[in-house]
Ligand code: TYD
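Below you'll find only one chain, the form predicted alone, shown as structure tokens.
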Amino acid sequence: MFITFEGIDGCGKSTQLSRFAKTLKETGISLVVTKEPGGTEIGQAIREILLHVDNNHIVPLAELFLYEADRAQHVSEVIKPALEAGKWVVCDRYFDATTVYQGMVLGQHEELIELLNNEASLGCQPDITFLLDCPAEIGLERIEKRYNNDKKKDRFERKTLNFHIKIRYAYLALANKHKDRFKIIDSTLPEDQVARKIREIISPYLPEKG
């Protein structure tokens, strides 16, 4: 199984992914937990470029190519080998994030992004994508509480409320387009309730105890 977590900044996906991974491990599933960008050593260097606050002048097309370069390395080095070995892969963001951020919101051509996503992913498509959804205002409030000052925020976390609103609705539109794969979770609910809803969705795929 290949499972991805998506959502706006501050939606709680990283927290829920961590809890989800713990649940899988407790059932005895062999898994790899990873992220984009930055799931490899090369990816970490790319992540630093993409998220550094001093790189606001990066042009959208260069940004797109960097994300796809990270993905190509990530899939080849981590995701594809793990899946071929029979392991589950749980990833914090994947190609849907590129479709939303660089495509639907930042305006890169949809056909180009689809082509690059397909090439970089080497056919590795998520089986389930959990979209942790909440209003952008709540996401930004959570980011403010997470950090003591603005210096710790990355380049995207510093963007305007309007930008994050656009990201949220782009995700919802994409989820509506791919209803078979996306599972929308209301992440304004208490953390335990969100984790429970995710567990209910994945339960049919878990091995039976005993």
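The numbering used is simple: start at 1 and walk along the sequence shown. These numbers were taken from a predicted model, which means no experiment stands behind them.
Omitted from view is the form predicted in complex with this ligand, to which the following refers.
Participant: So in the predicted bound form, are T4, E77 and K80 all sitting within 4.5 Å of this ligand, heavy atoms only?
Facilitator: No.
Participant: Decide whether G39 counts as a contact residue for this ligand in the predicted bound form under a heavy atom distance cut-off of 4.5 Å.
Facilitator: No, no contact at 4.5 Å.
Participant: Since only the chain is shown here, I'm wondering whether Y101 would be in contact with this ligand in the predicted bound form (any heavy atom pair within 4.5 Å).
Facilitator: Answer yes; at least one heavy atom of Y101 falls within 4.5 Å of this ligand in the predicted bound form.
Participant: Although the partner isn't part of this model, could you tell me whether R47 comes within 4.5 Å of this ligand in the predicted bound form, counting any heavy atom of the residue?
Facilitator: R47 belongs to the contact set for this ligand.
Participant: Even though this ligand is not shown here, does A69 get within 4.5 Å of it in the predicted bound form, heavy atoms only?
Facilitator: Although this ligand is absent here, A69 would stay clear of it in the predicted bound form, with no heavy atoms inside 4.5 Å.
Participant: In the predicted bound form, which of the listed residues (A97, L116, V89, C134) lies with a heavy atom within 4.5 Å of this ligand?
Facilitator: Looking at the other structure, the residue within range turns out to be A97.
Participant: Only counting heavy atoms and a 4.5 Å limit, does any residue of 159-195 reach this ligand in the predicted bound form, and if so which ones?
Facilitator: Contacting residues: none.
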